[in-house]
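Two separate entries follow, structure 1 and structure 2, each one form of the same protein chain as C-alpha cells.
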Structure 1
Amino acid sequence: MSTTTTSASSAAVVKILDLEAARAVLAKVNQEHLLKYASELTPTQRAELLSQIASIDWATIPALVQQYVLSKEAGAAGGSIEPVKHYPADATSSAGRGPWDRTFYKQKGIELIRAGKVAAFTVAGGQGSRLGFEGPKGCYPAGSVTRKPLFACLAEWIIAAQRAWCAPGKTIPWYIMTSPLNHEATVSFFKKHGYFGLNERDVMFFRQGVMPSFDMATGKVLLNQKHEIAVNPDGHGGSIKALAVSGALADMKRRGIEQLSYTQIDNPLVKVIDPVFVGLHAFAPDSSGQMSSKMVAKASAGEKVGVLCVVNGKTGVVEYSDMPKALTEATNADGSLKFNAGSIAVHVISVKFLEQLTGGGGFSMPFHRAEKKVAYVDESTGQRVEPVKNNAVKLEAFVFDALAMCEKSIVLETIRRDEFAPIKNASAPGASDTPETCSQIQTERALAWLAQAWGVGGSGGYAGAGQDCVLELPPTSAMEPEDLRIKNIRPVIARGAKLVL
C-alpha cells in the first residue's frame, strides 16, 4: 500500500479556471469579498487562493451559514434520553446485557483477523501544542519508561496482533488520517522510524478535510491572509467522507477488509485491534454489525467525557456539555450513576456500512458549532487582526453521529485501567489526562496484570508493589494478563525501579 496525500476536501471541487470564474461562483453565495485583494496578489498567491476556492463545496455554504452560524443549532441532547444497555466488562455479570460468552466472541473475532478481514484506522490530525510539544500529537513521547511516541505504541499493538492472530500471508493494514497541518511531518516521522517495524505497504496516510471559518455576526467566510481563506479541520466525523475520497475504502475492498477498528491517537493503551470487540460487533444477535462502541464507567458525574445513551430510540453519544445536569447527576437505587457509559472514542465500523453512507455522493455528517477566536483580515483596513474574544464559528463533524444511522448498535464496557489512559492535557496540579496520569496508569495496569497472572501472594509481591516504581508493559510482551504466564514474564520489582517488561 503506498502512501497518499489526497485531501478529503477535494470531494466537491468546483472547476475554476480563472479569477472571473471564481468571482461568479462566490457571488452566487454572497462570499465574493474573498477576492477583494486579488489585484494585490502575486501570481503564485493568486493561484493558491483560486485553488483553495476550488476545493470548497460552495453550494452547501448558504444553508450551513443559516443553520449553524446565524442561528445556534439545538443541543444534541434534545428528545428522549435513556441509559444504554451495555455488555459488561465482567462477562459473568448480569448487568446491562450480561452475562455473555466472551470466549465465543473472541474466537469469532480472531477468525476474522486471521482471514485478513480487519484493519486499523487511527485519527491523528492533531498537533501537540496543548502539551507544549511542537509537531504531530502522534510523535509525542508516551511510553512511561521508554518515552516511545504514541505512533509507536499503536504500531506495537498491530505487530503483536499480527503475530498472534494473522494467518501466514495476512496482515492488519493501518489507515491513518492526518490533517493538512501535520501530514508531511507525520509521513516523514514514519519514514525516519522505519514505519515502527510495520511494512510500508500496509500503512496508508490521507489528509482530513477542512471547513471554512465564518464570521460569527455576518456569516462571511474569513480570510486568514489576503491570499488565504481561514479554514479549520472538519472534525473526526469528516473521517467517514475522507476514507471514501482518499481511496482508502477502495483499498480495503481490494484487500478484502470487512471491519475497521477506529481509534484516536492520544491513548497509548488502546487496543488497536480487539478480537473480543470485533467478534461481538460482527456476530452478536442484537448488533447490526454496522458500528459499535466501547465505554468505561465514568469516574464521576462531572467527568468531561461524552456519554453513550439511547437518544430517541437510537444509540448515540451526548457530549458532556449538552447533557442536562439532572441526567448527568441522576443515580440508580444503589447510588451508582444512571448515565454511566463514558465514551472512549473506540469503535468498530463495517466497510459495507461506510460504503452505504458514502456511496451515493454528497454525503455529509451533521455539524456541530463551536465559537472560537480566529485571526482574520479586516476588510475596512486590510490589516490582519488577532481577536481577543470569540469572533468566529468553526464547524466540526463527530464520528459518533453515525451511530444514529445504524439499524442497531451495541456497546461493550472495558476496564479503564486496562485500555484508557489518554494524553490530552498539559501537566498541572490536579489535572487529568496528562502525561503523568498516563504514566501512572501504565504502571498500575502492569502491576495489576502481574498480580492477576501470578497471584496476589506471588513471589514478586505485585499486589503491594509499585512504591515509586515506573513500569511499561508493551503489547509485544503481553496483550492480556495470561500472556505474562505464557511467556513467563515474572520480574522482581524493587522500590523505585523503572522497568520495561
Structure 2
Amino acid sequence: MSTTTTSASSAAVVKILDLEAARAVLAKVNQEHLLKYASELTPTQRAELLSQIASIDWATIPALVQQYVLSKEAGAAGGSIEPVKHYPADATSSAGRGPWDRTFYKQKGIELIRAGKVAAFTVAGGQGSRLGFEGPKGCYPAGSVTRKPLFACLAEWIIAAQRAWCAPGKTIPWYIMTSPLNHEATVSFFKKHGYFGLNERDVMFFRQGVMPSFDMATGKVLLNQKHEIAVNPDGHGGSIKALAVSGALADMKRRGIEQLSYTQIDNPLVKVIDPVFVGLHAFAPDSSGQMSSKMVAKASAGEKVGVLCVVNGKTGVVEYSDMPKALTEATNADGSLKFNAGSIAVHVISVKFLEQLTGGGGFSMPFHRAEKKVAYVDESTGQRVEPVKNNAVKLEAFVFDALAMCEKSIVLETIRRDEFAPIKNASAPGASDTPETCSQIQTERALAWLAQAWGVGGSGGYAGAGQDCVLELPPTSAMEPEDLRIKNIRPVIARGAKLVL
C-alpha cells in the first residue's frame, strides 16, 4: 500500500460539461450566477470551473438549500432521548453496565491486534478554522515539550502499539483522511518527516468529498474566485463514503483488517488503538460489533461536546447545540448530570459494517448546518471579500450518525485526563481546548501516571512536583501507568523542569 490519492468526490465526475450544458444544469437549480464571469476567464480557468461544476450533484442542491440553508430547524433533536448505559471506566463499579471484566476484554482486543486485524483510522480533513493555523491541523506542534506535530503524536502511539502487541510480520496500517484542500500538504509533510518512523507501505491517505458553501441569506452557492466555486470538506461523516470510494475499504479487505479504530487528529493524548475498547466492541454481548463509542464524564452541563444518549431506542450522539436545555441541565437524585456521557469522537467501526452501509450504492448521511465565514466574490462589485462575520452555511455530515444504523452499540467510559486533550481553539484568556490547556493536561497526566506507578509520596514525590514543570510522556515510553514501572521510568522532577519522559 502506498500513498493513494483517490478523491471521494472524483467518483461523481461523469463528464466535463461545455458552457451551454453547464448553464442549462445550473439554471434548473437557480445557480446560474456561477457562470457570471465565464466570458472573462482564460480557457484553462473556464475548463477548471466547468470541471468543478460537473463534479457536483446539482439535482440534490435545491432540497438541501431548503432544508439546511434557508431553515435552521434541521438539527434539532426530536423523539425520545434517554441517558445511555455505559461501561464505567472503573470496571469494578456497578454504575451503568458495570462491573465488567477489563482484563478479559483487553486480552481479546490484543488477540485481534496481534493477528493484524485492526487498523488505525484518523480523520484529518477538517479546516481547523477555530485554531487559525495555516496548513493541515495535523502539522500543528502539540508535544508539550518537544513541540512535535499532532501527526507525530499519533504515529508514536501506533509504533508503540505495534511493538507491544503485533505478531512478527503484522502491523497496524494507518488510514488518514484528508480533504482536497489539504491533501498535498499532508502527504508532503509525511514524506518530509520520513512517515514519523512508520513504514510508508502502512500509511494510506485518501481524500474526502466536498460540498459547495452557500450564502446564508439566499442559498446561492458562493464563488471563491471567478473561476472557482467555494467548497468545504463534507464533514467527518464524509469518511464513510470516502473509505469506500477511495479504495481504502478494499485495501483493508486485502489485508484482512476487520476493525477500524477511528480517531480525530486534534487530540495528542488519544489512544489510537486501545485493546480494551477493541475487545469490548468486538466481544461484549450487548455489542453488535458494528460501531462503538468512547465517552468522558462531562466537565459541566454547559460543556460544548456532543452527548451520547439513547435516541429513539438507539445509541447516538446529540450535538450540544441540538440538545434541549432542560435535558442538558437535568440531574439525578445525587446531583450528577443525567446526560453526562460526553462524546470524545473515538469509535471502533467494523469493516463489515462499512461495507454493509456503502455496498448497495446510494448511501448518504444526513447533513448538519454550520454558519461560518467564507470568502467570496461579491457579484455587485466583482471583488473578493473576506467577511468579518458569518456569511455562509457549510453542510457537513457527522460520523456518529452512523450509530443509528447499528443493531446494538456500546459506550465505554474513559478518564478525560488520560485520553482527551483536544486542540480546537486559538489561545485566548479563559478559552477551552487551546494549545495551552492541551499542554497542561499532558503534564497533569504524566504526573498522575508517575504517582500511580510509584506512589504519590516517598522518594518519587510526584504529588508536589507539578507546580511549574512541563512534562511530555510519549506513548513509546508509556501507553498506561504500569509501563512506567515496567520500564523503570522514575525521574526526579525539579521545580520548573521541562522534561520528556
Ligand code: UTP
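By convention here, residues take numbers in order along the sequence of structure 1, the first being 1. C-alpha atoms forming the largest set that superposes within 1.5 Å between two forms make up the rigid core. Values in this document were obtained by computation on a predicted structure and should not be read as measured data.
Only structure 1 is derived from the form predicted on its own. Comparing the forms between the two structures on their rigid core, the Cα displacement of R130 reaches 2 Å or more. Put the two forms on the same core and the Cα of I486 is off by less than 2 Å between the two structures. In this overlay on the rigid core, T476 has a C-alpha that sits less than 2 Å away from its partner position between the two structures. On a core-based overlay, G219 has a Cα shift of 4.3 Å between the two structures.
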